[in-house]
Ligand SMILES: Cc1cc2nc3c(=O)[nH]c(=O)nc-3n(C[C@H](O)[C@H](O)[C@H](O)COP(=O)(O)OP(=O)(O)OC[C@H]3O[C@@H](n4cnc5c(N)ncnc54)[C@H](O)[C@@H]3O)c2cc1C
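In structure tokens, the next block holds one chain alone, the form predicted alone.
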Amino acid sequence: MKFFSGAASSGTAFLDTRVLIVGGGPAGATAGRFLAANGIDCVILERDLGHVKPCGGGIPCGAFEELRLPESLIKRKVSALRVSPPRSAPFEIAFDSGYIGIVERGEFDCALREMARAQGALLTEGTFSRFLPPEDGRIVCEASRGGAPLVVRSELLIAADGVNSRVRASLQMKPMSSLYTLGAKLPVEGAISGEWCEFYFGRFAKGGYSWIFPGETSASAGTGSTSPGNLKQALERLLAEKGLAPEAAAQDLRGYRIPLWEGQPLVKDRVLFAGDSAGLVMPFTFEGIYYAMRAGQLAAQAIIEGDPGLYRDLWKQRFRSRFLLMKGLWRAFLATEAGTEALISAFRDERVQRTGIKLWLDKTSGGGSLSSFIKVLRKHVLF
């Protein structure tokens, strides 16, 4: 990594690196950590180092060992779910083993970036603006840092800059479809239990879902739908279900778009996409943190092995079947209230619970876990 000279206006900084990573969230920070640990020169360009993404912060236990993350980042371990179908009574699912680790996103993302920096990645706060004409076969990007212009030249670029990716826009790629969410922080007390994560399918947001994830001292509560117009009313109905007045969340409302996975390209020329900028959020469960980190790791692995295109194959072999299954369930059942009721109620059966939770928590398991879940689920609902 070095500064280089070029023809530009006075005050412009120039930086030369092997890999430019745009975005310092879970995907970008993880990519930077693995690249730097393997001697690959890289720069992480993060727009706002103080940004805290609206998020429940749930990560399956297996991810901490798989990605070598310190468990000290976990604020609460949850080993049970409370699930509410649209029509029938709610029910609870206790885990035989394992847990969901709840993290505080601001602290968690910062820790991931520090892990990357400790391995030798350069972390800088700045905003990607656009691509400039390539020079000597290298990617050239225009950015800004501290109000001053910055030009970065690199062999490869990892786009990990979220659902509103400027990199995607600069490449004139198709905008991603989204699930719109509205959430708030609530105290963990009274009807907000710290014992389980709560999911409400089709109960408050038609064709969508609502959630409550308990943290250390507060809970993340929210609702999501492909139709954003009624999100506030849906959130108010969720609060009413918990015996809270609408104003309980009035001072901390935050909206966010969650990308819908549609098989978006993972590699375009010498640009690799990871996390939300690639739409890599699991359909149906909308789990994103784990898959963002794994995408960053797999993108780094492909670069380390000298074949950026390998990233597509690594991701396909590991996760495509899971994404296709969950996308199929979403399309087949969650479009109607009757379908949602049938699918969610199937999880009252202990065998469906056991195989489903294993599939969710044990990310290291192979195809056997997926096929076991499909086999058991088929006995309860028709595909």
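It should be emphasised that the depicted structure is a prediction, and the values quoted were computed from it without experimental measurement. We number the residues from 1 along the sequence you see.
This next part talks about the form predicted together with this ligand, which is not shown.
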*If we take heavy atoms and a 4.5 Å cut-off, which stretch out of 86-94, 284-292, 150-158, 301-309 is in contact with this ligand in the predicted bound form?*
284-292
*Could you tell me if residue 35 has a non-hydrogen atom within 4.5 Å of this ligand in the predicted bound form?*
no
*Is residue 344 close enough to touch this ligand in the predicted bound form, meaning at least one heavy atom pair within 4.5 Å?*
no
*With the cut-off set at 4.5 Å between non-hydrogen atoms, does residue 201 touch this ligand in the predicted bound form?*
no
*asked:* How about residue 127 - does it come within 4.5 Å of this ligand in the predicted bound form, if we only consider non-hydrogen atoms?
replied: yes
_99, 358 and 370 each touching this ligand in the predicted bound form (heavy atom, 4.5 Å)_ = no
_Listed residue that, although this ligand is not shown, lies within 4.5 Å of it in the predicted bound form (heavy atoms), from 117, 75, 270, 257_ = 257
